[in-house]
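Shown next as structure tokens: one chain only, the form predicted on its own.
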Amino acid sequence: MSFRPTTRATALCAAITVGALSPLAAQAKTSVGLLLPYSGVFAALGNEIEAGFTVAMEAAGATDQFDIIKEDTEVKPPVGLAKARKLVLEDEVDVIVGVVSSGVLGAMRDFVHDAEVPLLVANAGNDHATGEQCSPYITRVSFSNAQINRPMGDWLAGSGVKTAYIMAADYAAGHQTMAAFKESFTAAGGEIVGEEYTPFRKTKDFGPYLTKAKASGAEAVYVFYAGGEAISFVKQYDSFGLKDQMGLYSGGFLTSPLYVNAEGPAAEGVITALHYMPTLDTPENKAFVDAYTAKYGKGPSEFAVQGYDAAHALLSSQADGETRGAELSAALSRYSANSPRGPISIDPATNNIVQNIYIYETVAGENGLTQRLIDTVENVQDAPNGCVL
């Protein structure tokens, strides 16, 4: 589909280098609840999202336009809900930005919907949040679990792989990613020969599960792991000798730039799909990578670009003069831009993002592990899946 950013979004987002964006007109500050994991298994992801958010705000000269209140979800759904209630009821924030865990997003959905406070999701891929449990107050600028993994089923079957064994962490994101992959892989003629769901945040030894995968005789193993679990899994997969026998495939969080170097040579040859690659050759991405690297002394990950785009969506709504309630939610749902990850827009039927998905291989580069682009699936869009806004 063609892509034409809105005039005001273009003004805010086309020029991304530090200092390229003009400060917003003076107005009352918008109160933002930054709800992220700052402890627990996904703490590094939360820090990356905040870092990307900060780069965008500083580039726009807009840091004094917002009051930022940070809260830690601890990657625990009850805690995330309690912190969301605190931000809304005590701090009276105008908008909540963040949420990494699909479980946390599911836990707080009804509260933010009933409170009519906009939630701008900067990570959690919970399919239901832009499907059967969608809300006009929830807009996602990251991805859905199905959106990333569905294209991989088609692609893997199309590349000649006929059988796959699947494994994932036993929580919402793990089950949703595998469901999307299974549906597309089998529809394209592939066969799932076995599956396992490992205890989330508790599995240290993947050996028993890898033994079952090996015994299945599958041509490929398709998995979902992120953060520390991803590092452990990739290393153990390689140490078991499976990488040479069964190709390893996944959504790109398995070999995220955030921690792929911790996986080391074990990650080489792993093929994954994701909505962002730091090596994308576009002016927007180069400007973002340069600004991020100048500030933090390292390159960005997909989590950083999600925080960056969340900030730009918020800035775009400010330019429209919308800072609160239903009007702010409506403005966020109209957002579109030429992002560092490529053209993005919000689907008005679901409030979920529409974006490219990149299929790539992790390879050794001059300065460590990097990505080699294999294929691009353009403008990936989820069906409404029961969403009525």
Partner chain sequence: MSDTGFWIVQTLNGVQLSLLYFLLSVGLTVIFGLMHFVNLAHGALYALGAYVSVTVSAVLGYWGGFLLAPVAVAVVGIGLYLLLIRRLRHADHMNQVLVTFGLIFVFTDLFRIGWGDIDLGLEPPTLFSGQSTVFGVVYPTYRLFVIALGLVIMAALALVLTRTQIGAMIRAGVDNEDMAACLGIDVDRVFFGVFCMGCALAGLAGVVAAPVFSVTPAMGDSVLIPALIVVVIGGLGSLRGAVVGSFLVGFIQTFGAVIAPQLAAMITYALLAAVLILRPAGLFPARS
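For clarity, every value in this text was computed on a predicted model and none was experimentally measured. Positions refer to the first chain, counted from 1.
As for the form predicted together with the partner chain, it is not shown, yet the points below apply to it.
Visitor: Would you kindly say which of Gly241, Gly158, Pro283, Gly269 lies with a heavy atom within 4.5 Å of the partner chain in the predicted complex?
Guide: Contact residue from the list: Gly241.
Visitor: If the cut-off is 4.5 angstroms on heavy atoms, which of these, Ser135, Ser232, Thr279, Ser184, is the one near the partner chain in the predicted complex?
Guide: Looking at Ser135, Ser232, Thr279, Ser184 one by one, just Ser232 meets the 4.5 Å heavy-atom criterion.
Visitor: Ala330: heavy atom within 4.5 Å of the partner chain in the predicted complex?
Guide: Output for Ala330 is no: heavy atoms all beyond 4.5 Å of the partner chain.
Visitor: If we define contact as a non-hydrogen atom of the residue within 4.5 angstroms of the partner, is Glu219 a contact of the partner chain in the predicted complex?
Guide: Outside the cut-off, so no.
Visitor: Using a 4.5 angstroms cut-off on non-hydrogen atoms, would Lys214 count as touching the partner chain in the predicted complex?
Guide: Answer yes; at least one heavy atom of Lys214 falls within 4.5 Å of the partner chain in the predicted complex.
Visitor: Report whether the minimum heavy atom distance between Ser345 and the partner chain in the predicted complex is within 4.5 Å.
Guide: Judged by the heavy-atom cut-off of 4.5 Å, Ser345 is well away from the partner chain in the predicted complex.
Visitor: Picking from 43 to 51, 320 to 328, 351 to 359, 60 to 68, which part of the chain touches the partner chain in the predicted complex when contact means heavy atoms within 4.5 Å?
Guide: Of the options, only 43 to 51 has residues within 4.5 Å of the partner.
Visitor: Has each of Gly190, Tyr225 and Phe253 got a heavy atom lying within 4.5 angstroms of the partner chain in the predicted complex?
Guide: No, the candidate spot makes no contact with the partner chain.
Visitor: Could you list the residues in 264 to 278 that come within 4.5 Å of the partner chain in the predicted complex, counting only heavy atoms and keeping sequence order?
Guide: Heavy-atom contacts to the partner chain in the predicted complex: Gly264, Pro265.
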